[in-house]
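Presented below, as structure tokens, is a lone chain in the form predicted on its own.
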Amino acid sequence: MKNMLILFCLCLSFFAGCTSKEPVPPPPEKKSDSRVLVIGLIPEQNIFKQMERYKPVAEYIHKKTGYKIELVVLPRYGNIIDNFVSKNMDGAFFGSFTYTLAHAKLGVEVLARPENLEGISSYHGLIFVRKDSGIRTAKDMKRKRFAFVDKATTAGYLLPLEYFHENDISDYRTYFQETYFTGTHEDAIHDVLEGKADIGAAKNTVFDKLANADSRINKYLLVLKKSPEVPENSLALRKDIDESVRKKLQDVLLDMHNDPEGMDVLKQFGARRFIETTNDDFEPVVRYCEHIHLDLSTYDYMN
């Protein structure tokens, strides 16, 4: 009986061992793929149009360098620096003011920018009204509605600030009946065209593109002010990106126009070629900021 009892206890121990579960080890930490580069796109126009325009360029870079380009549309200019950091981006196609800000705050370094089919690699800002509004001067604008694009744009905010400075408008918030930010250059133009705003500001490249597609733009809108030329949207990378990666991307972009396949991609993109770009090209933006006493290191660009 004693032997049977011992055998019974051993069996219980055996089955208990069979039913107990070993602790499951945690999955290995996923390592980021060093062959993937996350590149942001600013919301210059409709986000779907932005993706459609830049996707062939991203695929071409991947094919030529082996680095997969993951495009991410930054939904707002107004938090572009925060999003760049929080989304762990490696670079972005920055506008002239967003690059100047990102360079000052994050140390990003520019590589190249496109030259359009007419050989132009810059743009300027515009302030415009409806022709039938009766508005022709800053004095005429008092108690009217002004549509900006975003506080982090040259054409959609810095140009108006300079215009106000020239015309002794010390506080535009009290000078106008209403001011607001549309978020895109397209929307600022359409808001003035449709009478939602009396005055608007936007970049000329978007204005001209819309005018080519919609005859009402030139028929009903009047440009009152132009800014100096500033660089077109430029690709810049984080300052800690390896120099070999930086050089590969820059070389591919700068040589695209010498490759038949690259030429096809450039044509889809609406460019003749990419040209080398340096910090010196953004000096007009820096001078703009200095003239209106805007400190880039402390500037609150949130709308």
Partner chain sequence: MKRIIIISITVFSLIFIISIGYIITSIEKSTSTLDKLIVLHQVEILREHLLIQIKRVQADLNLKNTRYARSVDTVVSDVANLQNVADTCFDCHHDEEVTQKLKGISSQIEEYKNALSRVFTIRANVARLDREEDIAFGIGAELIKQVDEMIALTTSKLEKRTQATLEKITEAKAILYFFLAFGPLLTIVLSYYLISSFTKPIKKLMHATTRLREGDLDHRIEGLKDEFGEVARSFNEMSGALKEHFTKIQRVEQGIVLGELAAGLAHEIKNPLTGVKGAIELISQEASIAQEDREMLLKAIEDVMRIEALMKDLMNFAKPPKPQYTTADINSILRATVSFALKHPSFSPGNGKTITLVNHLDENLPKTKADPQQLRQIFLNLLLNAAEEMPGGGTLRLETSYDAPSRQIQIRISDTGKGIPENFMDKIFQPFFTTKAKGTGLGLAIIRRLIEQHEGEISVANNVSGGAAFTIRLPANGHAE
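Nothing here was measured: the structure is a model prediction, and the numbers come from that model. Positions refer to the first chain, counted from 1.
What comes next is about the form predicted in complex with its partner chain, which does not appear here.
Student: If the cut-off is 4.5 angstroms on heavy atoms, which of these, Asp187, Glu115, Glu109, Asp90, is the one near its partner chain in the model of the complex?
Tutor: Contact residue from the list: Asp187.
Student: Given that its partner chain is left out here, which of Val36, Ile47, Leu254, Met263 has a heavy atom within 4.5 Å of it in the model of the complex?
Tutor: When its partner chain is considered in the model of the complex, the option within 4.5 Å is Ile47.
Student: At 4.5 angstroms, heavy atoms only, are Met51, Pro75 and Gly183 all close to its partner chain in the model of the complex?
Tutor: Yes.
Student: To test your reading of this chain, name the stretch in 205-213, 133-141, 118-126, 191-199 whose heavy atoms come within 4.5 Å of its partner chain in the model of the complex.
Tutor: Checking each option against the 4.5 Å cut-off leaves 191-199.
Student: Taking any heavy atom pair closer than or equal to 4.5 Å as contact, tell me whether Asp82 reaches its partner chain in the model of the complex.
Tutor: Asp82: no, not in contact with its partner chain in the model of the complex.
Student: Hey, in the model of the complex, is Arg145 touching its partner chain, heavy atoms inside 4.5 Å?
Tutor: Result yes; Arg145 sits at the interface with its partner chain in the model of the complex.
Student: Using a 4.5 Å heavy atom cut-off, state whether Glu166 contacts its partner chain in the model of the complex.
Tutor: So Glu166 does not count as contacting its partner chain.
Student: In the model of the complex, does Gly40 come within 4.5 Å of its partner chain, counting heavy atoms only?
Tutor: Output for Gly40 is no: heavy atoms all beyond 4.5 Å of its partner chain.
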